[in-house]
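Next up: a single chain in structure tokens, the form predicted on its own.
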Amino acid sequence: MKSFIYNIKKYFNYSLYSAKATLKSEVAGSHLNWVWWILEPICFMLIYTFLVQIVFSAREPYFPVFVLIGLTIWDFFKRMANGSVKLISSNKNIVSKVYLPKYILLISKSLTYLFKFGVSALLIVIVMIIFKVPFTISLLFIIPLIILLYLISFGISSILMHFGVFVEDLSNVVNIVLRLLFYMSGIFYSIGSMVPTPYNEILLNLNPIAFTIDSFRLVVINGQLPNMEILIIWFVIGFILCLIGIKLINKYENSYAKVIS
């Protein structure tokens, strides 16, 4: 763990530069440039608001905020998981020619996703103001929830990054699992009210993304605190997942160049 922290400090400037370069390249060929980072979450928010509230006649208080929270959290996790599977092979030149702790590639990539998460988070604040959602002291709990989201995402993604080197079809499996997880995480509906008891509690407690989304909504919309016991449990699990991923990468990173060459 000491070497991990040391390498993060050592390669932080590289991670930051790489993240900036990635963000610039994403908008280089677009007329709207960075405006897409704002338009994309807004468009999806409007689409789901129309489908759920108009077509299916569902009623959730402050629904635009409700669905934007779900989309923001899900988007970060999905990008991390999808982007990690082929991360080693897509950086073949770096992996085969320059020594770099391979989890630095994931950290660098995660910085781009965190930036987009920040843009969406700012949109949530704006939409809260527009729809007059009360700002309460419970909003302080957003910080540990964001840390939890990053821990879980990084832990799972680091493991996927490792096995993505050796399992050719892993990306297809991940896409299927993510599609299932999307519908099981309450992105555009409330698991607590729409899923019958006791399955709603099982789904919320065993699915870290569903738990994080629900906790965000409790804190932001309802001004309530998340389930602290479950929060601590998922913090421990997230930390363990990160340890497993880092150890796998440290143990096998010297063989990655041979496999992808």
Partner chain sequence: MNAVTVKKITISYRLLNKFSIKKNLLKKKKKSTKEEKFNAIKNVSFELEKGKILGVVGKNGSGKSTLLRAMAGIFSVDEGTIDLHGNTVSLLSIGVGFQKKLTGYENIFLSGLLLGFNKKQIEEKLDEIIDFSELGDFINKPVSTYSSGMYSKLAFAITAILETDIMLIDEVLSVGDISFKQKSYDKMKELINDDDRTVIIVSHNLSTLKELCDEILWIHEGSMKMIGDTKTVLAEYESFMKKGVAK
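Positions refer to the first chain, counted from 1. Keep in mind that this is a model prediction, so the values were computed, not measured.
Keep in mind that the form predicted in complex with its partner chain is not shown, yet the notes after this line are about it.
- Checking Tyr183, Phe135, Phe115, Phe166 against its partner chain in the predicted bound form, a heavy atom within 4.5 Å turns up for just one residue: Phe166.
- Among the residues Ile147, Ile129, Leu139, Val173, the one placing a heavy atom within 4.5 Å of its partner chain in the predicted bound form is Val173.
- In the predicted bound form, at least one heavy atom of Ser255 sits within 4.5 Å of its partner chain.
- By the criterion of a heavy atom within 4.5 Å, Lys247 is excluded from the residues contacting its partner chain in the predicted bound form.
- When contacts are judged by a 4.5 Å heavy atom cut-off, Leu178 does not count as touching its partner chain in the predicted bound form.
- For Tyr14, a non-hydrogen atom is located within 4.5 Å of its partner chain in the predicted bound form, even though that partner is not displayed.
- Contact annotation: its partner chain lies within 4.5 Å of heavy atoms from the stretch 87-95 in the predicted bound form, the single such stretch among 187-195, 68-76, 139-147, 87-95.
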